[in-house]
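This document opens with one chain alone, in C-alpha cells, the form predicted alone.
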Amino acid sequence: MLATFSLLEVVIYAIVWAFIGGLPGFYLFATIDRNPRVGARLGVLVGVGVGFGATLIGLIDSTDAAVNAALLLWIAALVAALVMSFTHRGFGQYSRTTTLRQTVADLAYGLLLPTFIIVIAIVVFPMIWNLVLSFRPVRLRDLPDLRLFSLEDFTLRNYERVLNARDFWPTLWRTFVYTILGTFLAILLGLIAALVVKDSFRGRNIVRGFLLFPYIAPIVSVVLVWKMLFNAQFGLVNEIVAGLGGQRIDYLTAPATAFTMIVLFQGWRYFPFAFLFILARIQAIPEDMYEAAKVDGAAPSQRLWYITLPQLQAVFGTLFLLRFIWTFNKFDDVFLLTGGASNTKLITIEIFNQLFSSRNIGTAAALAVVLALVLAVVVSVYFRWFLVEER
C-alpha cells in the first residue's frame, strides 16, 4: 500500500497517524497525573509506528482497516486510563511539581485539542485537497478512481483556462460591485432601522421582532416571495405599475434590472444582522452625551453626525468586514433568484457551473483558489489600512 503512495501522500499519512496517536497519549498522561505533553509526544511516536508498521506488514490495506486500527488504538488508551485510575498504578506527581500557569495551559490544550482536530478534518484537509485538485486535469468522471493527494499530471492549465476565459474578469468585477453595494446597503438599512426603533414607543418590541424577519426566514421562502412580488404577469409590484399606466417588467430576468434586484435583495435580506449590531452599540452610548448636546442647542442631525456616527465607527468596520466576506462568497441567494442569468453571474455561480455543468473539477477548484486569494488580498488590505478599532 505504501509503495503506491507519493511523497505528499506519505507525509499526510504520517501526520494523520501522529494525530491519532498524540490525542489519546495527551489525555492518558493527564489522567494518570503525568506531563500530558510528554504523553502527546510518545503518542505521536506510537501512532506513526502503528500506522506505518501495520501498513507494511499488510494489516492495514484499506481505509476501513485504517479506521479500525485507529479505533483500536483509542480503545486501548481508554482501557489503560481506566485500569490505571482504578488501580492507581503508574500515577505520577505532575500536578504537585508543575506551576499553576503550566497546569492552566495544559487544561487549555486539553479542551482545545478536539476542536483543532475537527477544524483540520473539515476545513484544512478540504482546502489542501482543493489546492491539489486545482493543479490537476480532473473531471467528474475521474472521481471514483482518484487518489486524493496524488502529484500526478500537475499542470497550470486550469489556471490558464480560468484567467484567459472571456468572461472571467467581467464576472470578477461584477462580484466586487455586487459585494460592495450589497454590503453598504445592508449596513445603511440596518443603521436606519436601529435609529427608528432606538427610542421607546408603543409596540417597539413587536416592530423590532418584525425587522428580523428577512434574516431568520428560510432563503427558499423569501426568494419565492420576491419572485411572486416581481413576476411580470401576476406580481404585486407589476400590478401597481400597470394600474398607474406603466409597463410590466419581469424585474428578475430583464438585463436592465436583474443586477439591481439582486443587490436590493442582498441589502434587504441581511440588514437585520447589521441592525442588531448597530442597535446594541447605540444603546451603549451614554445618554449624558445626548443631554449635553441638547443643552448646547445641537439639532437631531448634529447629534447624529457628531455623537452617534463617531461612536459607531468600530461597529461599521466590523460589519463591513464580515458582510464583505460573506457576500463575496454568496451563492444561494443569486442562484435561486436568477440562476446567474441576465448579467448576474458571480464567481461562485461560475464555480458551480464548472463543477456540475461542465463537470470540470480541476477548473472549478482553480476558480475557488483564485476566489480565496482575491478575498485574502482584500481582507489583508482592509486590516492593514482601513481597520477601525474601538477607542
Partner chain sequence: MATTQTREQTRGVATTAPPRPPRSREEIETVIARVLKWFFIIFFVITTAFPFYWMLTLSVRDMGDVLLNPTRLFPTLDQLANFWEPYQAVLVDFNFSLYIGNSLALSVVVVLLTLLLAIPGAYAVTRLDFRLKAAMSWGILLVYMFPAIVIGIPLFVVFSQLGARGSFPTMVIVYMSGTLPVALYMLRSYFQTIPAELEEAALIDGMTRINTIWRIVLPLSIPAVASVALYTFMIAWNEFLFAILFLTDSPLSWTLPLGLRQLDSQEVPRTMLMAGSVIITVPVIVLFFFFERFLTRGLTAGAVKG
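Please read these numbers as outputs of a predicted model, since none were measured by experiment. Numbering follows the first chain given and starts at 1.
One more form of this protein should be noted, the form predicted in complex with the partner chain, which is absent from this view; the next part is about it.
Participant: Identify which of 79, 244, 256, 280 has a heavy atom within 4.5 Å of the partner chain in the model of the complex; exactly one of them does.
Facilitator: In short, 280.
Participant: Could you check which residue among 284, 143, 71, 83 gets a heavy atom within 4.5 Å of the partner chain in the model of the complex?
Facilitator: Spelling it out, the residue with a heavy atom inside the cut-off is 143.
Participant: Please run the contact check for residue 166 against the partner chain in the model of the complex: heavy atoms, 4.5 angstroms, yes or no?
Facilitator: It does not: once the partner chain is placed as it appears in the model of the complex, residue 166 has no heavy atom within 4.5 Å of it.
Participant: Is residue 375 part of the interface with the partner chain in the model of the complex - any heavy atom within 4.5 Å?
Facilitator: Yes, residue 375 sits close enough to the partner chain in the model of the complex that at least one of its heavy atoms falls within 4.5 Å.
Participant: Just to confirm, residue 273 within 4.5 Å of the partner chain in the model of the complex by heavy atoms?
Facilitator: Yes.
Participant: Heavy atom to heavy atom, is residue 130 within 4.5 Å of the partner chain in the model of the complex?
Facilitator: Contact with the partner chain, yes.
Participant: Report whether all of 107, 225 and 268 sit within 4.5 Å of the partner chain in the model of the complex, measuring from non-hydrogen atoms.
Facilitator: Yes, each of 107, 225 and 268 comes within 4.5 Å of the partner chain in the model of the complex.
Participant: For the chain seen here without its partner, which of 152-160, 109-117, 167-175, 257-265 has a heavy atom within 4.5 Å of the partner chain in the model of the complex?
Facilitator: Of the options given, it is 109-117.
Participant: Which of the residues spanning 343-367 lie within 4.5 Å of the partner chain in the model of the complex, based on heavy atoms?
Facilitator: The stretch touches the partner through 348, 351, 352, 355, 356, 361, 364, 365.
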